[in-house]
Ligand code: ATP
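Here we start with a single chain on its own, the form predicted on its own, put down as structure tokens.
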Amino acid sequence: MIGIFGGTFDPIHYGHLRSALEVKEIFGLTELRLVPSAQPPHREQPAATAPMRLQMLELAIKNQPGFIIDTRELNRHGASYMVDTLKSLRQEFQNEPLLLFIGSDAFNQLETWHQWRHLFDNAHIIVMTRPGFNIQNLDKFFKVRLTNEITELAHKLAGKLYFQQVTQLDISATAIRNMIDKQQNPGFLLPDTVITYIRQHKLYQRH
């Protein structure tokens, strides 16, 4: 099984990395692909350039086996729609289950995503939840796809919905950018190698 973990990673931090590591182990993934978004359609444009976000990602996952940076959204023109990314991955991995990992906040907004129903044509969707998260009333589209069995994900290539609790560290890239802008120390929120890179390139300093 191959995992897909998208984001702007502006910057990559331990909230991303801890969740990524946990789901890789829980689902026994052969690899987890971190997919940096070029032009996220649902949020403001990233503060750091795509090459810089890519370099920070490389620094953060160095020496982490099974983590792969997938640059297909950065290489593609136009808005970064996950449905296009999954179609492209499916062509590459025709016989491998694909698992798209999203947070519970993203799941609550899923019906605003571009061609969101077609996400299930090419992947399973795994919603990473916080402790105490309750599945709200799912409509019929989601109910028929819901499974509680990880083995079912391995036996089908796509189409299932699964909720998985992970340790969600309350860290946000926005808060980190604001700290750096105020010349506060963001230590222990993201890897030291990334902090060094941010300082060297004077990133996130608006004033």
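Given the structure is predicted, the values throughout are model-derived calculations rather than measurements. Numbering starts at 1 and follows the sequence shown.
Keep in mind that the form predicted together with this ligand is missing from the display, and what follows is about it.
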Practice problem: Considering only heavy atoms, tell me if P97 and this ligand come within 4.5 Å of each other in the model of the complex. | Solution: no
Self-check item: Non-hydrogen atom contact P186 with this ligand in the model of the complex at 4.5 angstroms
Solution: no
Self-check item: Contact test in the model of the complex: V83 vs this ligand, heavy atoms, 4.5 Å
Solution: no
Quiz item: Do A106 and this ligand come within 4.5 Å of each other in the model of the complex, heavy atoms counted?
Solution: yes
Quiz item: Which residue, I171, M52, I180, I61, has a heavy atom that falls within 4.5 Å of this ligand in the model of the complex?
Solution: I171
Self-check item: Interface stretch in the model of the complex with this ligand - options 172-180, 143-151, 61-69, 23-31, non-hydrogen atom within 4.5 Å
Solution: 172-180
Quiz item: Can you name the residues of 1-30 that have a non-hydrogen atom within 4.5 angstroms of this ligand in the model of the complex?
Solution: F5, G6, G7, T8, F9, H13, G15, H16, S19
